[in-house]
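A single chain, nothing else alongside it, follows as structure tokens in the form predicted on its own.
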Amino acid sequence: MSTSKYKANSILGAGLGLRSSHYQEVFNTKPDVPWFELLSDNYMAEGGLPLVRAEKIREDYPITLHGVGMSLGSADPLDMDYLGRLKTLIKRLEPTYVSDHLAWVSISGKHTHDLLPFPYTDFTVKHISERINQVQDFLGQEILVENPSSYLDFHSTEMTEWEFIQGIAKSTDCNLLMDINNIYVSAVNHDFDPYEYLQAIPADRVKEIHLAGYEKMDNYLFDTHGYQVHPPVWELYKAALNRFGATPTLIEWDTDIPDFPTLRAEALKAEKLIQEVA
């Protein structure tokens, strides 16, 4: 018999990324949102108001934890202090999934505060797979890894991004968080077919989907998470649902954050498409 004080932690449908400007409305109105995603890096203290709020949210909703600090692609050793604090947070909040990015954010102990790319090679498949396995062994559970948005190519790259992700999936027990906006942004920036990308991803590994809005620059797309989801991303999302099934989907909105009803309206669009597939 479970002794957890929390609501069941399975997730379905379209959830929302929880932002501080929306806390009070969620507390006051208890909206019919199926689940929330919390940015794990914001809650790794031993106490304080953010953690108190997170626990209060968790009492009423399933959650996932999504981080930016594992630095899976770095040449630095894994930050065991960071992973220790994450492990404590996982035990405290009992999330459905824990995820991070296929990127690097630190080198020589210095943090860039950005998700940086790397070349897709056999070496990086092996290197990152080993680090994912180490993280999962330490945490005692599987993690999800998210595909990046990118703006440059490396001369040393030996394979496509989807071939790289296939390699990671074959070499580890991790699952995948597919960011559909990231796929579309990278496809436009690097002139590849995003639908070919989707077809190459092992469908049984995809446990969560992210949707967000990009900004159109002079000659590239910029993944800002500051807009509504654009029409071509919605079309690609429909194809993703047909490929992966009725996958739990998160609306991300991190800059120029709108009011809660606007954010919820985006989630309801995704919810409608999930229900059509289901």
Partner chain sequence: MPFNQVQSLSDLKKLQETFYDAIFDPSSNNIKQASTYIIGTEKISEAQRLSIYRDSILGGITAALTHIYPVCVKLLGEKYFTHMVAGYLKKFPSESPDIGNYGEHLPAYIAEFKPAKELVYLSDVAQLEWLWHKAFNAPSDLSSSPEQKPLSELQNISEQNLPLVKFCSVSSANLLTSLYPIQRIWQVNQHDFQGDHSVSLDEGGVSLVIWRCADFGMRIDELNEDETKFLSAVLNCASFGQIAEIDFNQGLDEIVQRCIQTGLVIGFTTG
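Positions refer to the first chain, counted from 1. Just so we're clear, the structure is a prediction, and the values are computed from it rather than from any experiment.
In what follows, reference is made to the form predicted in complex with its partner chain, a form of this protein that is not presented.
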* Pick from 173-181, 194-202, 115-123, 139-147: which stretch has non-hydrogen atoms within 4.5 Å of its partner chain in the predicted bound form? -> 115-123
* Asked: Is there a heavy atom of Asp153 no more than 4.5 Å from a heavy atom of its partner chain in the predicted bound form?
  -> yes
* Asked: For Asn28, is any heavy atom within 4.5 Å of its partner chain in the predicted bound form, or not?
  -> no
* Please run the contact check for Arg58 against its partner chain in the predicted bound form: heavy atoms, 4.5 angstroms, yes or no? => no
* **Contact of Gly73 with its partner chain in the predicted bound form (heavy atom, 4.5 Å)** => yes
* Structure fact -> In this chain shown alone, the residue from Gly213, Pro50, Gly67, Pro34 with a heavy atom within 4.5 Å of its partner chain in the predicted bound form is Pro50
